[in-house]
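In the block that follows, a single chain appears as structure tokens, in the form predicted alone.
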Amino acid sequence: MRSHRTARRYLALIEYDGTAYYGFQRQRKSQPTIQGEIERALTRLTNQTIPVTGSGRTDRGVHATGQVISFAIEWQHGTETLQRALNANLPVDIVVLQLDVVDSNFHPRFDAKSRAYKYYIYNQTNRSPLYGRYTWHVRKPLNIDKMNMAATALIGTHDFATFGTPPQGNSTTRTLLNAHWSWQDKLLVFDIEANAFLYRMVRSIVGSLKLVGDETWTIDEFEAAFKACDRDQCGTVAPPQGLYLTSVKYGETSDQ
């Protein structure tokens, strides 16, 4: 058996198209996942089972441009060579953008200070074959000003039980640092950042704000649903393909 005394811990910045995967986290069954594919690539390189830890568990069909993972392996050929080797062994819809050696105690989830997501809505009358795989197509015009007014109620530390369930434990309190809509050409883009997120929290917030934008809900109705802290009061849950994990922040000198 090989010794692990010389193993080093690596931080990797990952981008992936989540369309073909059952989320980030490895599944008990044989469904393909991002974590599973990365672990398989590491096994090919080392002939060992190497566990991978992620900063967050993106859902089935959700994408990432800034997912952070870590793993510890023995590797004698340099960091750049390891990055190239990983990318050569990963599927074309997963790539390692950056690879660095970090402290052995680093944990991509527990050490994170905040996480940021973007959600993209294609708000046009006609569907788009090009945008359809990576956005939510909403035909009815959305009022971005009303959506932003409603979103301001989310900023700060609140109980977000209406918009999600905790991935572990019982607390549904989170601190939201940013929640803002903007136009980018034909796309309506939602930027959201928090210290942590509940399961399906971003998609639930987006879907509920969409109801404000198409005037199904008033801003007061949105705020009432939010303050109810009742999952049954949530509006539409937005589909996964419009959601992207864009960055994870660890501090002034280690933001990803």
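In case it trips you up, residue 1 is the first one in the sequence shown, and so on. The structure presented is a predicted model; accordingly, all values stated were derived computationally and were not measured.
What comes next is about the form predicted together with a further copy of the same chain, which does not appear here.
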Answer option from Ile73, Met149, Leu177, Val95, heavy atom within 4.5 Å of a further copy of the same chain in the predicted complex
Val95
With the partner absent here, would Gln83, Pro91 and Ser128 each sit within 4.5 Å of a further copy of the same chain in the predicted complex, counting heavy atoms only?
yes
If we define contact as a non-hydrogen atom of the residue within 4.5 angstroms of the partner, is His107 a contact of a further copy of the same chain in the predicted complex?
no
Could you tell me if Phe24 has a non-hydrogen atom within 4.5 Å of a further copy of the same chain in the predicted complex?
no
Given that the partner is absent here, does Leu188 sit within 4.5 Å of a further copy of the same chain in the predicted complex, heavy atoms only?
no
Using a 4.5 Å heavy atom cut-off, state whether His63 contacts a further copy of the same chain in the predicted complex.
yes
Can you pick the stretch from 107-115, 129-137, 154-162, 169-177 whose heavy atoms fall within 4.5 Å of a further copy of the same chain in the predicted complex?
129-137
Even though the chain is shown alone, can you say which residues of 14-28 have a heavy atom within 4.5 Å of a further copy of the same chain in the predicted complex?
Glu15, Tyr16, Asp17
